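Take a look at this single chain, the form predicted alone, given in structure tokens.
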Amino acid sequence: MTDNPNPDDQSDKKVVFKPSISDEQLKTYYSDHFDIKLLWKVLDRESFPRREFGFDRTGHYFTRNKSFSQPEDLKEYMSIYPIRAAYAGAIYADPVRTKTKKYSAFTIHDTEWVGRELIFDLDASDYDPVRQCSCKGRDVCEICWGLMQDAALIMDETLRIDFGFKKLQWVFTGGRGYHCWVLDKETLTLNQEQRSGLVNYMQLINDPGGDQRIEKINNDSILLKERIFRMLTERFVLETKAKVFEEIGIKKTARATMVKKIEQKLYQKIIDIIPQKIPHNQFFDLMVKYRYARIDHKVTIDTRRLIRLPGSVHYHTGYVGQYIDNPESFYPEDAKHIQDITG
């Protein structure tokens, strides 16, 4: 969270990505520094031989439908080939394999799907239409990374309180966002329709790259609406540029009053911060549009989806994907970088 109460004067300090990575650095990292044991925080050890994996080996050659009998075999594979991206897929009834000279291919379509962790994806680039800094695409800075922190904070509580999940593991992807792995046993076998229902409860922005239409919250989601007001209002008012508030008729003087109320705690309820003439639903929709979590629903509902492997290197940034205990306070430059690890 920025300490500057005037977002109109903020400069966006971008994360410094150092993506110049050699194939030898990648091989060295996976051979000497990749700890396979860390995978058991999110992957089931017993079903490992029936887990699908996928890899980007050169930037032009992508392969999936690969399984490994032992974790050491996975590590060896990633040490031999210059792996630019590594992904874990679902669990199947049988190990899968690509076609070789000795064996025919046995793909995920030739065997029964058994299970897939419930995973949510947060990506800063999904905020491109409303980011108030100069970042676009893969770029992130202190300003727009706050959107990731807010999204993780509110999603974590929603998943725990509204759905009762207990085993959540947040992962920094190494790039421009987070993955949240929900590891409660009952989530492993959720079908696509059930996963879609979970996303639909939390997904309030349809067509995030287009018209930014806000979904209306029904009575079943009243907890979520109260949570959004409680968790997002202060940061939204303090960190959003004045011109945004003009969309619903809040002029600079009115916004200055709102900032004063927050800084001096001159309110009893969050709702008291909003000017009386502004309908609460308009303020709420504006806050959702600029501050609320934007979830990539395809990642969550697709039971055959590949997801970036924790501990693997993000080739475009050089940062290592890592487990995060407090995503609301984490910043990308706190992560490990392959150049610092391999020298």
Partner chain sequence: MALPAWFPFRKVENSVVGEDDQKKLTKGRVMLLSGKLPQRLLKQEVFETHEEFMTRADREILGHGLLRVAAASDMKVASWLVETEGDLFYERFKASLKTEKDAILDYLYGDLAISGEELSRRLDEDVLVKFHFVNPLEQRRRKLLRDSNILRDRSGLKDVLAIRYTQVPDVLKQRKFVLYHGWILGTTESLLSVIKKWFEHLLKSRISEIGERLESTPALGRMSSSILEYLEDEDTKPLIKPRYESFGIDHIELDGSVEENVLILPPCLQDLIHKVNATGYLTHWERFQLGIFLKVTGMPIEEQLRYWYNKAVDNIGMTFEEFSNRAGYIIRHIYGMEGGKIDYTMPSCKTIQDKMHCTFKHNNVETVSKMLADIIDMIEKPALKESRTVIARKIVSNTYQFDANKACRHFLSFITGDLSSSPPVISHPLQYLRMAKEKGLVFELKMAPSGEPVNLEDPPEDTSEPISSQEVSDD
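Positions refer to the first chain, counted from 1. Quick caveat, the model's predicted, so the values are computed rather than measured.
The protein also exists as the form predicted in complex with the partner chain; that form is not presented, and the subsequent description refers to it.
Picking from 261 to 269, 147 to 155, 235 to 243, 92 to 100 the stretch near the partner chain in the predicted bound form, with a 4.5 Å limit on heavy atoms, gives 92 to 100. Think of it this way: in the predicted bound form, the partner chain has a heavy atom of just one of 139, 128, 162, 142 within 4.5 Å, and the residue is 162. Only one of the listed residues (132, 79, 169, 200) places a non-hydrogen atom within 4.5 angstroms of the partner chain in the predicted bound form, and that residue is 200.
Under a 4.5 angstroms non-hydrogen atom cutoff, the partner chain in the predicted bound form lacks residue 281 among its neighbouring residues. Interface membership of residue 68, defined by any non-hydrogen atom within 4.5 Å of the partner chain in the predicted bound form, is ruled out. Heavy atoms of residue 87 reach within 4.5 Å of the partner chain in the predicted bound form, making it an interface residue. Though the partner is left out of this view, residue 108 does reach within 4.5 Å of the partner chain in the predicted bound form, counting heavy atoms only. Contacts between stretch 287 to 313 and the partner chain, counted in the predicted bound form as any heavy atom lying within 4.5 Å, involve 297, 298, 299, 301, 302, 303, 304, 305, 306, 307, 308, listed in sequence order.
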